[in-house]
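Alright, two takes on the same chain below, each alone as structure tokens: structure 1 and structure 2.
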Structure 1
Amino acid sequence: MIRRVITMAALSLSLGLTVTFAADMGAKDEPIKLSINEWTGQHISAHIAGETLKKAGYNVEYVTAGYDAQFTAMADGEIHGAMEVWSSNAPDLWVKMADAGKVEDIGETGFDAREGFVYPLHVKEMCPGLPAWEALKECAANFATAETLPEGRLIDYPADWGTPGADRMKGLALPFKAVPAGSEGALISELKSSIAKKSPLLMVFWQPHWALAEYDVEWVDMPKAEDACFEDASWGSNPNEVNDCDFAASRVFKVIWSGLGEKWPAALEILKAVKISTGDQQVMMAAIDQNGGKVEDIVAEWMANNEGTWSEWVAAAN
């Protein structure tokens, strides 16, 4: 009860603050539309940003939108913000619209994103040298299937996300054949069935992702990525190829419609300030995907427990 009173007080305080914003609230009666893409983590980021905007006195609407398609909407000002755009998988539409000045990058979402090769823990028994990448040289045959014989099988990203797995295998001269997964669902199915069957699996994956919270998965250790690795063939273990190192660090950033700052000046400052940590994200993802919670409830809980954090973001518009 007491906590609720405090929250209420804080809420009225923050509502009170809105009057004294340095940055103008702008058209605060018109809803700010944030996109909801196809994965849970993004739902969390969008809701945290949205709920914070609401605390500041804005009207927020969540709109389901395909990750690629949302940029058309944002360019036209029909959607106003996307909270997670991954540099590793940024659609060409984003590049196009950003070049045209219709959408803007307003800084990182805040988490420590990572991409690389992963394997379920039981695979270690089939390839004892793991997680060192050199071990894969010897055990490639253990990963072989009918389609890839005599090479090992690597599940790569769907072809439309690029072919980082195939590039690395070539760079590191590992005897693996990269098979494009076709979709995220296919990647997850592979992981699920490998864990169920205790069958070998090596695939390209990323974090934060709910699957990493749900399943025991390890990353392959690869030589740390440097710019030279991608440009200079002589760099690294393979003197003849580039890409003989780990994935370059991914950047996950927030994108807005370019007109947002003009229409809702204070909202722009708040969205710029929003930062979400990998740890918080993955805990919430597990609460939703593993334990069947609702995004709205889980985020409301986070908002209640992390008032210090979001009130700072709101204060950014001050």
Structure 2
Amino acid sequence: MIRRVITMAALSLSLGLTVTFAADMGAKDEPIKLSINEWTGQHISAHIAGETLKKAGYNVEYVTAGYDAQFTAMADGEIHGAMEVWSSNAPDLWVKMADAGKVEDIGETGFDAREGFVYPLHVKEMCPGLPAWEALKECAANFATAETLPEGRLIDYPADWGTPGADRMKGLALPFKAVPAGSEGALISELKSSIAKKSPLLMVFWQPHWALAEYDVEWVDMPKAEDACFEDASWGSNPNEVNDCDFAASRVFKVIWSGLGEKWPAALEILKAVKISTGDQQVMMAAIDQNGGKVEDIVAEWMANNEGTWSEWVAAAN
């Protein structure tokens, strides 16, 4: 029966026929607004979710919003969903609005995630002892710039994404100054430049990301994260500070305005069902960031090639 429902939903959608859902479509003529943040992977996640909603008969708008600021807009019902929120640097506004019941976590996006400090392989010659984090104490001067002297320079996430790099430099008592990158593109530019010039580089980065398939980097080994690391200063190597450990295991999840399910019941079921694999996302990111493809075109190609996948998400509303 389930297989038949999925097949019929897929057939109806591909033929442009009207699909009747067990869950009410709700206010289908009013646009569901999904946020667009500052990195390519998030654009892909948002567009796959949005284009699936369109296949189901919804009107969708994509709204550019800062990663932090989007939660205020979502709490007010001005934005209705964010398809890629990272637990390791979820803004305080997310916690505040979730506690107030104004926004909701509706499940994971689907791909494996990791965050931490990375460096190009040639940097090991400049800092013997890597990937052990303790090695950075002795070679920080090799990473210094005019902006950071006498400390080394760490390229942190863009300011809107939080300060995870700065937090760990303080927690681990490493003599580095965290300098926020201007954007995801700026992080990639730093990596490319370092490899081309064989210059020192330490930066905060994440996976999935196409760059990790394109460039040879290593992760810095830091003490394994535990809850106590972020709550109890006496835990770990620095008795005076929290955050003296690696990034917590990252969970990447979807967040909605708490009123979405009441206004668009079937849309909520569809968004809950959306899952994107690490491999698919990295291939699409490479097509966009490396080969100059447009998000809309790359996602449209994915939708055409994966009808069996997204039609099951639509069928979840039955």
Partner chain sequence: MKNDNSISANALPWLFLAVAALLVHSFADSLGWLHKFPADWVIPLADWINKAMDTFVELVKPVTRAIAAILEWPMILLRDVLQWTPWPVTVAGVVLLAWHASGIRLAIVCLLALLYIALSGYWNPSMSTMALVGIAVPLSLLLGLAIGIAADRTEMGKRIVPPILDIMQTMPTFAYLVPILVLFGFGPVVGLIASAIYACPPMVRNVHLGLKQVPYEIVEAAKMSGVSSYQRLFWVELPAAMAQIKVGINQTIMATLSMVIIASVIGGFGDIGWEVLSTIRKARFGESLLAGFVIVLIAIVMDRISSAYVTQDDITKAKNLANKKLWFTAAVLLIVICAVIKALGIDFGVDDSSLTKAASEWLDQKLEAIVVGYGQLLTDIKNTFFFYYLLPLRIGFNKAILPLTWGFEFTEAMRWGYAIAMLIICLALAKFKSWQTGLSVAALAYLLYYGLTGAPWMVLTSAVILLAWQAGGRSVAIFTACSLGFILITGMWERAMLSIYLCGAAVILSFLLGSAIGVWAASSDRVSAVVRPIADTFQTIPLFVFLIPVLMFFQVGEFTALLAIIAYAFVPAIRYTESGLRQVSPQLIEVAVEQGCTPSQIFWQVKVPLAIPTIMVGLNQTIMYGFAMLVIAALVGTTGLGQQIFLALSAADTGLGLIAGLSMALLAMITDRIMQAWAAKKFEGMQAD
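Here, residue number means position along structure 1's sequence, counting from 1. Please read all numbers here as calculations on a predicted model, not as lab measurements. For the two forms, the rigid core is made up of the largest set of C-alpha atoms that agree within 1.5 Å on superposition.
Student: Of these two, which one is the form predicted together with the partner chain?
Tutor: The chain shown first - structure 1 - is the form that fits the description.
Student: Among 155, 166, 113, 285, which is positioned at a hinge, defined as the point where C-alphas switch from fitting one rigid part better to fitting the other better between structure 1 and structure 2?
Tutor: At the hinge: 113.
Student: Measure from C-alpha superpositions the angle of the smaller rigid part's turn against the larger one between structure 1 and structure 2 and state it in degrees.
Tutor: After superposing the larger part, the smaller part appears rotated by 26 degrees.
Student: Could you tell me the distance the CA of residue 151 travels between structure 1 and structure 2 after a rigid core superposition, in angstrom?
Tutor: That residue's C-alpha sits 9.8 Å away in the other form.
Student: Superpose the two forms on the rigid core and tell me the Cα shift of residue 184 between structure 1 and structure 2 in angstrom.
Tutor: In the core superposition between structure 1 and structure 2, the C-alpha of residue 184 moves 5.0 Å.
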